[in-house]
Ligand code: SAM
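Only one chain is included here, represented as structure tokens and corresponding to the form predicted alone.
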Amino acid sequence: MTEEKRSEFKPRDYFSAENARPSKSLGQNFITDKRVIERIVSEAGITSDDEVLEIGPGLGALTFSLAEKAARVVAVEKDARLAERLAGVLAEKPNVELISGDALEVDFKSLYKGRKLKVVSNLPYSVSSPILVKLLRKRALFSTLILMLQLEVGERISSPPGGKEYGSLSVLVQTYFDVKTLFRVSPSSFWPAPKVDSVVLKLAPLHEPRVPVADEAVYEKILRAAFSSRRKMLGNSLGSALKKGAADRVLAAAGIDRTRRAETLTVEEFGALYREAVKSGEIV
């Protein structure tokens, strides 16, 4: 792909020619800084053996860089306008598969061809959290995830206990992944420029969760209940996940004071809470 052809994919030029605007509902902010793109690809350590999943390729700025190094790139684009635009140019990239559809509805398992995929994406702001949870649930398919996210979401994922950003998403992700913050990205690196900074994270799936979890749905239910009201003591907030009167007994068995709040618990303490809740048989 020549530099001249790449210039055809400048987001501003494309939307001007189409007399259209980026979709706010789809969270469209297109990365335009080549240095950021190069650093993302470098951090992902893409080799000629790698297969890559990109969610929200937009106009292909990151896609083309991935395709130059990877054996296979699967790009999933929800916006039919952009998917149609990409399809023609990507025809000359035989190692790129373009899927026009919603990543939340795509069966990731169908993309697996025997080698774990690397996920490298500038996730659409509007759906970054649900996509992240879907990736987490299908983590066995992936070797590593390099994700660019809105700074607030990135801070929630990487936050340690006790911080105001620490929540159910923090615990859930940290239960199954090593999380590393790689670098921040300023709004000026995008078009249109978002109102907030972004951050690139590396998520490495653990061979085993940090705490034993036999029923992930129950674990998530307990986390959601625990953080359902940050001002509530655990003895009160867990009432939506456990049978009446069970919260105090479960907390005592886990060695956790009922007056503590969810944001003070470590992943290991949530593991103990989950274990005792399951053992009690009093989950709603």
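The first residue of the shown sequence is 1; numbering continues from there. Note that the structure is a prediction, hence the values are computed from the model and not measured.
Missing here is the form predicted in complex with the named molecule; even so, the following discussion is about that form.
Undergrad: Considering the named molecule in the predicted complex, find the one stretch among 120 to 128, 136 to 144, 177 to 185, 208 to 216 with heavy atoms no farther than 4.5 Å from it.
TA: Correct option: 120 to 128.
Undergrad: Which pick from V76, V153, L90, L132 sits with a heavy atom within 4.5 Å of the named molecule in the predicted complex?
TA: When the named molecule is considered in the predicted complex, the option within 4.5 Å is V76.
Undergrad: Given that the partner is absent here, does N29 sit within 4.5 Å of the named molecule in the predicted complex, heavy atoms only?
TA: Yes, contact at 4.5 Å.
Undergrad: Considering only heavy atoms, tell me if V250 and the named molecule come within 4.5 Å of each other in the predicted complex.
TA: No, V250 is distant from the partner.
Undergrad: Test of understanding: in the predicted complex, would D102 fall inside 4.5 Å of the named molecule by heavy atoms?
TA: Answer yes; at least one heavy atom of D102 falls within 4.5 Å of the named molecule in the predicted complex.
Undergrad: Although the named molecule is absent from this view, report whether L82 comes within 4.5 Å of it in the predicted complex, heavy atoms only.
TA: It does: once the named molecule is placed as it appears in the predicted complex, L82 has a heavy atom within 4.5 Å of it.
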